[in-house]
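Shown here is one chain on its own, the form predicted on its own, set out as structure tokens.
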């Protein structure tokens, strides 16, 4: 039987268990299905799609060198399976486990039911240090075991299936579908080749200031790995990146480069715990729309005018606006500023956390559901045992962008101001910027009192 390799969020050839297994089992049909129901769900946008198109174009080039071509269909998955069955008859399908929200689980359950009903075999492989439908237990122990398994090599060759059926298009068919949203002006490019290039650049020099610049928006642009999107979309595997990091740490230790070792160790720690957050959706696939702390369900609201000012970077607070504009332009922002934006919207303006979360999901190219929604709920103060993170955006501005370089880069209206004036231009005799959307000190104080008063109420379990 033909071996179908269903690419989902794993656009690579190295350390790709489904592709490797299929190449050893028979004729291979590599397949990507553009599923409108997935792309129009509300958490993905055209900027993700552009990254995926670039990734698939790169993947196709790599597959052709091995002897196969990537086929593309635009259809919901069950309809695609019907068409595949008409063309191929019974087939075996290989894919990685996907870790997503409720709608992707429902899609996969429908796929499993279809495969069983048609007596076709679907083999799912672990592609991350996460297991489908359950927690792995003690994360450090599991990671040590997981990382002992070898990186799966690129297949030496693939016997590709040749099909002339028009239903099975090539990568050009990707241009016939356009998801909602706005493209980014200067995003990172997708593809396994780009992932390798960024990893090499990080290990060669960028990591050297990783820890000391991680919270500084202007400097983190030059010291961050920029690998999160490549991990999200599977251009590089978590295992191969772990092993590469361990090898570089070993070299730094042997050469006694203690400072640089500390910088890279900070990256390794974050990489180590990444799967812990990806795993959050395994038992809580509803995390995007059900609060972990229902006591706060009625305190936040929808305000279209305030939401528009926030999402377009016109709040009147220079640092907030700089962060949003940079995000909208590049699809990336460092972690501390991501947390600050979420807190400002949810805990100061008291905007609906679900609306804020969906907007930010559509903007980050590295949007990973488990990581994203657990952080949205955490920064919105919806994890009962934790405190409510309330960031003072003026303090954050002065601490992380003291000379105003990041603000000048992204809010050109204020490029002429000095470091003393740029953080609070409304205090000048004549404000050269738009007026702040709220009286910040008053609103911050009131919101804080409201949120912490609710926290004193008896706890309630979320309804699921």
Ligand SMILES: Cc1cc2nc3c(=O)[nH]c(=O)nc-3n(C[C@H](O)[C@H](O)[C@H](O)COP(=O)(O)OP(=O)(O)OC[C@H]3O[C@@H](n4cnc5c(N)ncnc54)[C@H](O)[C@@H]3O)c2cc1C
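Source: prediction; values computed, not measured. Positions refer to the first chain, counted from 1.
In what follows, reference is made to the form predicted together with this ligand, a form of this protein that is not presented.
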Touches this ligand in the predicted bound form: residue 342 (any heavy atom, 4.5 Å): yes
Residue 174 within 4.5 Å of this ligand in the predicted bound form, heavy atoms: no
Distance check, residue 328 to this ligand in the predicted bound form, heavy atom within 4.5 Å: no
Exercise: residue 280 in contact with this ligand in the predicted bound form, heavy atom 4.5 Å: no
Heavy atom contact within 4.5 Å of this ligand in the predicted bound form, the stretch among 118 to 126, 247 to 255, 174 to 182, 269 to 277: 269 to 277
In the predicted bound form, the residue from 142, 260, 335, 286 that sits within 4.5 Å of this ligand by heavy atoms: 335
One residue of 214, 92, 87, 299 in contact with this ligand, assessed in the predicted bound form (non-hydrogen atom, 4.5 angstroms): 214
In the predicted bound form: members of 356 to 381 within 4.5 Å of this ligand, any heavy atom: 364, 366, 367, 368, 371, 372, 375, 376, 379
